[in-house]
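Single chain ahead, written as structure tokens, the form predicted alone.
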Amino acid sequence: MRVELHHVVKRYGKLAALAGVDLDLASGTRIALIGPNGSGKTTLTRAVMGLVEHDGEIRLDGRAGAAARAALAPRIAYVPQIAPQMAATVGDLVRTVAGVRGLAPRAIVDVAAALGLEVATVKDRAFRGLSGGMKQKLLIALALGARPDLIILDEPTASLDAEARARFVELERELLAGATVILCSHRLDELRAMVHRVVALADGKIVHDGAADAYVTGHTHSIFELLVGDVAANDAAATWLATEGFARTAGGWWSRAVDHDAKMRLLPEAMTVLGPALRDVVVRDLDRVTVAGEVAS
């Protein structure tokens, strides 16, 4: 589904949540929509779904207006970051969504099972009584089971463990090949695996729109750790570690935060300068990319 925004503006009093956004997503485009709190991400996605009034125009598959949005609704899905507190049972939700979507309930149940949630065991429980992870698995299953042409994912894996997050990425790729995906996330694993374009917002405006691989490379920070033996007897090692800003931690380890360029520079330098004193190296990427120098949320 193609998504076009033409000078979209949304104000809340004097605050411009969206300040003239222009964006064109061809059918099948997969983007990460990122930015700090208050940047306009939620307002933009709600405007695309037709949930907030706005100035400017939003066209889905070339069609604009409430009537067109209603006609296209069966082809759109949404996974919220915060689960609604619904009193309906799990079984009722699955049956209702399947009925509205024209699906067999099995289409939803199978996705839930793949994520580690057996619907049959919780079908009589109120949705709001589930754990956070169970709620998120069901919400994902309700969305992916419909095989939508446009899906908006707002921090979809925030409540999932590592295994479920990995399975979600696999399922999304398998079930939604060809769909247009708008992913609100700053998780490195999701950006690397799920999107090929990053759109960054700040103060209601687009401040970056480009390839995901280049953005992730330029905005990823890591923890660079070195295990160095007998630094006290090695003046060259001690001088280099101090000059490069490493801090000593427990067990002979030295650590500092680095960006991509520093990481690539320090690795060969450490091997050359420290020589046999270098016993181990660990480089851990932080889980989230940064926007304008600060970790985005």
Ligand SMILES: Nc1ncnc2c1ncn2[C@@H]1O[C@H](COP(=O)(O)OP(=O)(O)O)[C@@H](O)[C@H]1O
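Start at 1 with the first residue shown and count on from there. For clarity, every value in this text was computed on a predicted model and none was experimentally measured.
Another form, the form predicted in complex with the ligand, is not on view; read the next lines as being about it.
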{"query": "Selected contact from Gly38, Gly252, Gly28, Gly56, since only one has a non-hydrogen atom within 4.5 angstroms of the ligand in the predicted complex", "finding": "Gly38"}
{"query": "Interface stretch in the predicted complex with the ligand - options 40 to 48, 60 to 68, 235 to 243, 265 to 273, non-hydrogen atom within 4.5 Å", "finding": "40 to 48"}
{"query": "Contact test in the predicted complex: Gln81 vs the ligand, heavy atoms, 4.5 Å", "finding": "yes"}
{"query": "The ligand contact at Leu15 in the predicted complex, heavy atom, 4.5 Å", "finding": "yes"}
